[in-house]
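Next up: a single chain in structure tokens, the form predicted alone.
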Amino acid sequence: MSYQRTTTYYAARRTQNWSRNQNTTRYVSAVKLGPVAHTVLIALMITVLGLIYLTQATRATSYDYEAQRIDNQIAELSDQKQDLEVENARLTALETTKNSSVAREMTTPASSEYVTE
């Protein structure tokens, strides 16, 4: 009698291409999603990413408005400063003229006449 093998054994490493120190357990999910569910999930992910992008863009825009407001305020204060410098120069010139030696030596005229043509 000859002995004949009826069952063939294959090493798991050969059929699965596993190497050392790898987990050889397979987990099979009990939940199966169809193509519609996958499409809905992808649409939700794209929507969430879009909302995140919009919040970041809005935040940058609000900084732009704040910077523009500060620039307008700086321009307005510069205009006020220039106006005050002109006013200061005018008032200083009048005071200097009134207190000058030439102005002190002036006298009021005795009479003033106007020439008519």
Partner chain sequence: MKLELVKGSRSRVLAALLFAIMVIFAGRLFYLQVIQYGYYAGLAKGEQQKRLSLPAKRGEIFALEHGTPVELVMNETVYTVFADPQIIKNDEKVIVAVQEIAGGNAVDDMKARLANKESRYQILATKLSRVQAKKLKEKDLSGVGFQEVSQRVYPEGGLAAQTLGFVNTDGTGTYGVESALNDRLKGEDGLLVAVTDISDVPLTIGNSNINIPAKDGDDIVLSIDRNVQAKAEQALADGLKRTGATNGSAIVIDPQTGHVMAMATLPSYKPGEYYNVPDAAAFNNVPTSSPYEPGSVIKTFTMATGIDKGVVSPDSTYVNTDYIKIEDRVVSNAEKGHTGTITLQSAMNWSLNTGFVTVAQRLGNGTEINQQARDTMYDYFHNRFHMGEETGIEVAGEQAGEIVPARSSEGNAVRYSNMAFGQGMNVTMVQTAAAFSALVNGGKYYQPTVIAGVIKDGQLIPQDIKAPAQIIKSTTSDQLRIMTRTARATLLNNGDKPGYTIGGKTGTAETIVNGAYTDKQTVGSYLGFGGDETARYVIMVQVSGKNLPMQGARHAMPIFTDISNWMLDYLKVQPKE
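Only the largest set of C-alpha atoms that superpose within 1.5 Å between the two forms is called the rigid core. Positions refer to the first chain, counted from 1. Note that this is a predicted model, so its numbers are computed, not measured.
Omitted here: the form predicted in complex with its partner chain. The next part is about that form.
Novice: Within 4.5 Å, heavy atoms only, which of S29, Q80, T39, T55 is in contact with its partner chain in the predicted bound form?
Specialist: Checked against the cut-off, the match is Q80.
Novice: Identify which of L33, V48, A60, I70 has a heavy atom within 4.5 Å of its partner chain in the predicted bound form; exactly one of them does.
Specialist: Filtering the options by heavy-atom distance leaves A60.
Novice: Indicate whether its partner chain has at least one heavy atom within 4.5 Å of a heavy atom of I74 in the predicted bound form.
Specialist: No, I74 is distant from the partner.
Novice: Contact between K98 and its partner chain in the predicted bound form at 4.5 Å, heavy atoms?
Specialist: So K98 counts as contacting its partner chain.
Novice: Heavy atom to heavy atom, is L44 within 4.5 Å of its partner chain in the predicted bound form?
Specialist: Judged by the heavy-atom cut-off of 4.5 Å, L44 is well away from its partner chain in the predicted bound form.
Novice: Given that its partner chain is not shown alongside this chain, does A93 nevertheless sit within 4.5 Å of it in the predicted bound form, heavy atom to heavy atom?
Specialist: So A93 counts as contacting its partner chain.
Novice: Please say whether, between the shown form and the other one, the C-alpha of T58 moves by 2 Å or more once the core is aligned.
Specialist: T58: C-alpha displaced by less than 2 Å between the shown form and the other one.
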